[in-house]
Structures are given as C-alpha cells and as structure tokens.
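Only one chain is included here, represented as structure tokens and corresponding to the form predicted on its own.
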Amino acid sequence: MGGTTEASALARSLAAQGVAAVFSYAGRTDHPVAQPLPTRIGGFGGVAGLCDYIRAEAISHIIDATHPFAAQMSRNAVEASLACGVQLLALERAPWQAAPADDWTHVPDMAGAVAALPDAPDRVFLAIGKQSLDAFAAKPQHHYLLRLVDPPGALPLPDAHAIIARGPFDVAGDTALLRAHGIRHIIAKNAGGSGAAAKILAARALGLHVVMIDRPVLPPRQVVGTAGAVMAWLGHSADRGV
C-alpha cells in the first residue's frame, strides 16, 4: 500500500529481489508515479473488500507504506491483517521535530489549523494537498498560496493562487517561492521525511510561523523506518505474495 517516496524505494528493492508483489495506489492523484511492480489503483471497499482481495490474490504480507495521514487506509490494513491472518508491517518515516528557533503551533487536526490562523488578513501557504481546502473557506480574508500535484478545478477560496508541481522540492526553491509570495504562515501536515522538508527548512531560515498538524493516532502495529528493514522482515523470500 504505497504513495510515498519510501514506498517507491521499497518497490524498487522488491522488484530487484524478484519478490512477487503488487503496488497499490489509493487513486488520489491523476498521474501517479510509475512503479517497477504490477500496480493497482483505487480503494478496496473497506476492511471486507481488502480481505476479499487478500484471499483472492493469496497475499501473505501487507506493507503499509501510505502517507502518514492516510489514517483510514492504515486502520483498514490493521483490521484486515487480523481478520485475514496475514502479517502487517508499516513503513513510516519519522516526524519532523521543531528546532529551538522554530515558531511552530501544534494542532491536532485541520479545524485546529484554521483556528490557529490570525483574524486579520494575511498571506498563507497551504501545504496540505487539495482534499482539505474547504476547511479554510471559514477564513476567506487571507491570501492562500497552494501547491498541488493536479489542477484543482474550482477553488473554495476567494483569494488563492495555485502552483501545480510534484516534489521533492529543494530549500533554495522553496525559500524563493515563499519570499516571492510574501508568505508569513505555513500550514503543514507533519509528514516527516526529506522529500517534503524543504518548506519547513525554508520557513526556519525565513523565521515564518508554521502551523503543524500532528499525525493521527493509529492502532498498535509494527513499524520500521527504511526499505532495508522491510526487506529484512520479509527475509528476501521470492515466494511470498506481498
């Protein structure tokens, strides 16, 4: 179950080792990154649908390498692994940590992020994808800079500018972007890892306020941080269905 930079690295390792594996995308982007494994796109239909797929495809191991905020998918994976009797491992990058000089406001969810913005009009970089933009219509007085993988169509925000780009991004580029748009606040999910960290490092260099949305709480599960650890868990066995 992929969709992250780490999932793509794991897919390359699995393909190189000849492991019988399928890469599953949720289908949230129009043009997902091509993978060196057989690929499926779309949801399973909840826990029951995931169990049906596991049985039909003789899957023996589930690797949850989805985005840290794909909470429902991760919860379904935990439930399906228990219901179907298959092993589950999560490949999850460590969250970002604030440095002493950082100006971060931690919030538990998107509603908290909206509430953390000032009432006076200001300039905000929404680094949250397109799924949660509607929440910020509650504060239409701000100018919002958006960076999205796919064109969003009609935007729910009256004063917004969208940039269509796919990461990873670099610190120099994000620093220039934030300066050019006069950004003073950044809304970010604590995705962790290096691929999306440029905006956090740029905010640190520019002294900007970051509203950091903490990760959702998930059921207990075994978690590792690298593709190599996943391969060790699998035992490099090429006769397993993953």
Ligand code: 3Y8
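This is a predicted model, so every value here is computed, not measured. A residue's number is simply how far along the shown sequence it sits, counting from 1.
From this point on, the text means the form predicted in complex with this ligand, which you will not see here.
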With the partner absent here, would Gly3, Gly27 and Arg93 each sit within 4.5 Å of this ligand in the model of the complex, counting heavy atoms only? yes
Taking heavy atoms and a 4.5 Å cut-off, does Ser81 contact this ligand in the model of the complex? no
Quick check on Gly167: any heavy atom within 4.5 Å of this ligand in the model of the complex? yes
When the contact criterion is heavy atoms within 4.5 Å, does Gln97 count as touching this ligand in the model of the complex? no
Do Val33 and this ligand come within 4.5 Å of each other in the model of the complex, heavy atoms counted? yes
TL;DR on 159 to 167, 100 to 108, 136 to 144, 113 to 121: the one with heavy atoms within 4.5 Å of this ligand in the model of the complex is 159 to 167
Who in 126 to 143 is close to this ligand in the model of the complex, meaning a heavy atom within 4.5 Å? Ala127, Ile128, Gly129, Lys130, Gln131, Ser132
